[in-house]
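Only one chain comes next, encoded as structure tokens, the form predicted on its own.
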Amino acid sequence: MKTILIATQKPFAKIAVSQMKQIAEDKGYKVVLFEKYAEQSDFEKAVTDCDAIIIRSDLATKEVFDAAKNLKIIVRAGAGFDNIDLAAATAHNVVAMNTPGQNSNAVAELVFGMMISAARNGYDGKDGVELRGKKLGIHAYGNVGRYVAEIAKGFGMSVYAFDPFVAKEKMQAEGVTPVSSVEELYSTCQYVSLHIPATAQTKKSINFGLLNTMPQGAVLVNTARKEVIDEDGILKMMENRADFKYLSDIAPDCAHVFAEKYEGKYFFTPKKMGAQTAEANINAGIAAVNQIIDFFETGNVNFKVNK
């Protein structure tokens, strides 16, 4: 009997765990829960005998792969996978996967929750602005970006997108105006919703020079990764542009500076909350279990993210 370890410092919802266990056990797999662990070393000790691991934002480091002697597959229940050491996974002949699309609507709705709150000044009783008629730029038109576009059109916003990996014809067919460069996106749109992954090419790529081209009343919404932001650059933007607001699903390392100097011009969630809905919990968890079972039963590696 193969063992699936669900290793989560930030546990899945109980209903998600119940359904995940039911699916796995019905197929003859053993499920072991390892939740709210205190130290990374505890995670390393827990993986010794498992054949598969499901994680959320947990760190799958080289040490984890070194300790997991029987491991064949690890699945990150969510879209991002930068918390997995992909080189170590490959070196240990472990297939690494994510579950793209399962959290997308939850993240997109958070984008608009933050945008509406910012537009109304955190509901402080003062006059705000409306989203209707404003231009929204979507930086990376993947699963989340498409949901953001769908919601934005319902608000009566004009939607633009930049993504060199998506055909312009597809964007146009979905009512989105494609632009040819990052610079064009930012200089055109008052609101920009950021969905790029953290890679060697994208880290610190959102800098002052780019942000400063945004029109008056500029708002940057980041539900991607903090690493893509040039923190020196965004602090310079906050200092130089009284009209600029930064909304993020993950606080930057310089969050204390925002708290000291820029009250009312920013909002950071207390922890990464894009996927923190019951529906996303269930969707991503079930997808992870099904992908593991499909891998063992049929060899399916459709969502493999390592080489």
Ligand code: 3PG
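Counting begins at 1, following the sequence as shown. Not measured: the values here are computed from a predicted model.
What comes next is about the form predicted together with ligand 3PG, which is not displayed.
Of the residues Lys135, Lys236, Arg225, Lys72, just one reaches ligand 3PG in the predicted bound form with a heavy atom at 4.5 Å or closer; this is Arg225. Between the options Leu247, Ala275, Cys50, Val64, the residue in contact with ligand 3PG in the predicted bound form by a heavy atom within 4.5 angstroms is Ala275. Only one listed stretch (238 to 246, 262 to 270, 55 to 63, 39 to 47) carries heavy atoms within 4.5 Å of ligand 3PG in the predicted bound form, and that stretch is 55 to 63. Taking non-hydrogen atoms only, Val148 never approaches ligand 3PG to within 4.5 angstroms in the predicted bound form.
In the predicted bound form, at least one heavy atom of Lys10 sits within 4.5 Å of a heavy atom of ligand 3PG. Although the partner is absent here, Leu194 lies well away from ligand 3PG in the predicted bound form, with no heavy atom inside 4.5 Å. Using a 4.5 angstroms threshold between heavy atoms, Ala79 counts as touching ligand 3PG in the predicted bound form.
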